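Presented as C-alpha cells, the chain that follows is alone, the form predicted alone.
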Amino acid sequence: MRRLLLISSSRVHGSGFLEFCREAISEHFAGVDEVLFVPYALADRHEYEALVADALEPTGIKIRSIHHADDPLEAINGAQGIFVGGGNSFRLLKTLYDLDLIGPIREAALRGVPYMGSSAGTNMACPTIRTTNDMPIVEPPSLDALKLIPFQINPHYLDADPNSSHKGETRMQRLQEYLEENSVPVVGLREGSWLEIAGETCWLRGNKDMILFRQGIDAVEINTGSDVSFLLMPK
C-alpha cells in the first residue's frame, strides 16, 4: 500500500526548515529507523544532507543520503523510508534517469516504503513534472516522473496580488495554459500545506487551503482537513 507525504515546501514564513510539518513527518515515518535522503535537486549534496539531518534530529529520525552510496540502486532497494528533497525539478529528474532510479523508487513506494517529497520531491510523485515552477537548467530524457499519483501538483502555489504592478502571467494563468494542452487535473498546493496518502485515501493537511484545476471546469477551493480521495480515482 502506498504511503505518501507530499509537502508543498520545506520552509514557510516564520518557521524553521521542515519545522511546520515535523509532527506529520514523525507520524509518516513511525517505526522507521533510518530514512534514505535523495538530495539530487540541489548542487551541494553534503550541505543539503546536513540541513535535513539537523531539521529532523528532534524527531529521532536518522538520515542517510543516497549520494554516499556506492550502489544507489541497492540503497533504494534496502531503504526503510525515502525522502526526496526540493530544489530544481529538472536537475532532480535528470539525475534519477541518469542513475536508472525512476523504476526502483516507484516500485519501493508502491510496495509500501514510506515516501516523502517536498517541492521538487513532490513534483516527482506526479505523472510528469509539467507543472513545476522551475527553470529547465538541464534536460532530462523525459518529463515523465514517478507516477505515484494520477494528478499533477503545483507546489508553492501563489495567489495573484491584486495590488501588484506585475503584468506577467499569474500562477493560475500558467496552470490554465497547462490544461489547454493536458487533461490531467492539477492541485495548487500552497506553502504550509501537504497531502497525506495511504492506499486509496488522500487528505489535505496543514494550515492552507488548496485550489483544484480541471480541464473545462472552473477552479475550486478545497478546505484544509478535507478528504480528497476522489483525486486518486481513475478518470
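Numbers follow the displayed sequence, beginning with 1. Only a predicted model underlies this, so the values are computations on that prediction, with no experimental measurement involved.
Omitted here: the form predicted together with a further copy of the same chain. The next part is about that form.
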Counting only heavy atoms and a 4.5 Å cutoff, which of 21 to 29, 223 to 231, 210 to 218, 5 to 13 contacts a further copy of the same chain in the predicted bound form? 5 to 13
Have a look at Ile82, Ile129, Leu148, Ala75 for me and say which one sits with a heavy atom within 4.5 Å of a further copy of the same chain in the predicted bound form. Ile129
Does the 4.5 Å heavy atom contact test between Arg205 and a further copy of the same chain in the predicted bound form come out positive? no
Residue contact check: Leu42 to a further copy of the same chain in the predicted bound form, 4.5 Å heavy atom: yes
With the cut-off set at 4.5 Å between non-hydrogen atoms, does Glu49 touch a further copy of the same chain in the predicted bound form? no
May I ask you to check whether Asn182 falls inside a 4.5 Å heavy atom distance of a further copy of the same chain in the predicted bound form? yes
Interface residues of 111 to 142 toward a further copy of the same chain, as seen in the predicted bound form [heavy atoms, 4.5 Å]: Ile129, Arg130, Thr131, Thr132, Asn133, Asp134, Met135, Pro136, Ile137, Val138, Glu139, Pro141, Ser142
